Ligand code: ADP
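Next up: a single chain in structure tokens, the form predicted alone.
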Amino acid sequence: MKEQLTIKERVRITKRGIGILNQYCPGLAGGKAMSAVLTAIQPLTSVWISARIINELAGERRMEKIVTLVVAVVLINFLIGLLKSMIDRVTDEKEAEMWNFFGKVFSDKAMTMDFADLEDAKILQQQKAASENLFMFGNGLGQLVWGMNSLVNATANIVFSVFLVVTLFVSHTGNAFMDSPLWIVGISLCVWLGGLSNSKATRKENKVFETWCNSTVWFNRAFQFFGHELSNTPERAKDVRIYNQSGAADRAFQKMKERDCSAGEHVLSMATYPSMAAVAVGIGNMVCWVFVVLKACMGAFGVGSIVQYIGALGRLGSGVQDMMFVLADNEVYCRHLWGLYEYLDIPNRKYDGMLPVEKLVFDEEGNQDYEIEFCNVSFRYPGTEEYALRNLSLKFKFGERLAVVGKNGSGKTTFIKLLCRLYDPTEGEIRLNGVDIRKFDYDEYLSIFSVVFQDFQLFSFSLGQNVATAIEYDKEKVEQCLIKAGFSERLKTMPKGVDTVLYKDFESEGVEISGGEAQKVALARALYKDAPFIILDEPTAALDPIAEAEIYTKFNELVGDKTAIYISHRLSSCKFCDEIAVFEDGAVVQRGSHEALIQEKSGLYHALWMAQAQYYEVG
């Protein structure tokens, strides 16, 4: 977070923040501003009309004018109150929802970021710091929403109050001392000193608050984990009970309690500075009162004008104090916004080509024809020196079945991530029909792949939407894909068929499905997309042996004429593939059919096969 910002930087940061508010929470900033103007106008209007009424009562007492003024003040207050109430009702609802919209700021950024950045620990820490600042303390965008109201209110108070006190200094008493223009300087100085002292107090208070905020980041993270995720997340709750982790949670809560006790020191420090400022403001108000009363006693104006000038000077002082507070507070939340912008401005370094895929995927006879080639590809993950893949050269053509096997950490999943362009090679090239895949339009390139990752995700939408990954979908096609994936029996039990909502996050009638059933839905999703390449990363890991055998039996039917890449630790499932690529330490150490590789008794594939085969031998 940047410590010092120039006025120019703060203006630019604030304008951008207002732009974000208008984009994600349209009407909130404008509604706050309009409400603030009405809040400032209402009391000053009442003060001005009240002064006219008192002067009339102390003077000619014309009933018609008094009634007119009374009706005017009642009517104006009614209209202002009514309009403000309507605006506040709308803005209050928008403000209550703004946290959801702020969440969308982060989700929109995540959706457009390079996949490599999503796995970068440094960037994840940056995102976590920005989101915690915003959602735990309202720092940044939240402060901007609240500061908008204060800024407009303070500005309106200053402008309208100055208009009401102009006549205070042009009304003459006949006394050279009291009529001296130096009083303008003196009263202005009193008002300004009150605001300055308040500003100094605010700056001191903000520094203490920021120190306290920084010290509570661990507290909030610990509370979120031990108070919610550890005990309430089903995935963790099972282990908490089986291994009796409540003791660890209790120790963490005791540590949090000890940290929380130190907060009293911060609270006392934060209370001291505003108290000192209040003394300075009180002295300034006393000088203003004495000046106004003395001028009234000397006949400069009527008794009703005392109400106008005292009220206006009070509002002017409050306006200046609020303005000083806003400016001091703006400096703080601009620093937090700077941190947010640093995250939002992380560039997408991935080169997005422009070449359409369809122009290169047909042969001379007009048939689809793809060839993928890894040309001496090496890759290491960001922030690491160790290569996950090194000097990998591999080629496969359209319609082939390629199995990828190897020990954990051998580079199999990295190979798939590079093929799908979730990452770009550190060295070398990946080519589609002889063209570097980086030259293709990124979205078009992704469209040729259907992938079932090992850690695939289903969402709390309808079954059909999960398969089609779209709001609107072809129900008949969804059902066909589910049946092909072996989900037909479970589909019959779904109360609303493919319109049945999965899980209970949003719908109380949502249906829970098992891990194996979820894997079949993920496979149906890949089939629904109907892309030329289908990639299956451990597609049957959660299936029972019967369901797994059914998938293998139907594999060729499922894949059709598509190119299939199959990653598995179960080597028996690789027999149906045309070729098998054996990975070890980020390189392909063997390649061939199952029959050929099993004959290489000194090879890794034979060792892996024999290690698994012994568990299936009949003793």
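Bear in mind the structure is a predicted one, so any value in this text is a computation, not a measurement. Note that residue numbering follows the sequence shown and begins at 1.
Unshown form predicted together with the ligand; subsequent notes refer to it.
In this form the binding site remains open, since the ligand, overlaid from its pose in the predicted bound form, puts no atom within 2.4 angstroms of a backbone or C-beta atom. In the predicted bound form, at least one heavy atom of E119 sits within 4.5 Å of the ligand. Using a 4.5 Å cutoff between non-hydrogen atoms, N408 counts as a contact of the ligand in the predicted bound form.
Using a 4.5 angstroms threshold between heavy atoms, L134 stays clear of the ligand in the predicted bound form.
Using a 4.5 angstroms threshold between heavy atoms, K417 counts as touching the ligand in the predicted bound form. Across the options 94 to 102, 381 to 389, 332 to 340, 67 to 75, residues that bring heavy atoms within 4.5 Å of the ligand in the predicted bound form belong to 381 to 389. Listed residues K295, R525, R315, K412 were compared with the ligand in the predicted bound form; K412 is the one with a heavy atom within 4.5 Å. When you look in the predicted bound form, the only residue of Q454, T500, Q465, T167 with a non-hydrogen atom within 4.5 Å of the ligand is Q454.
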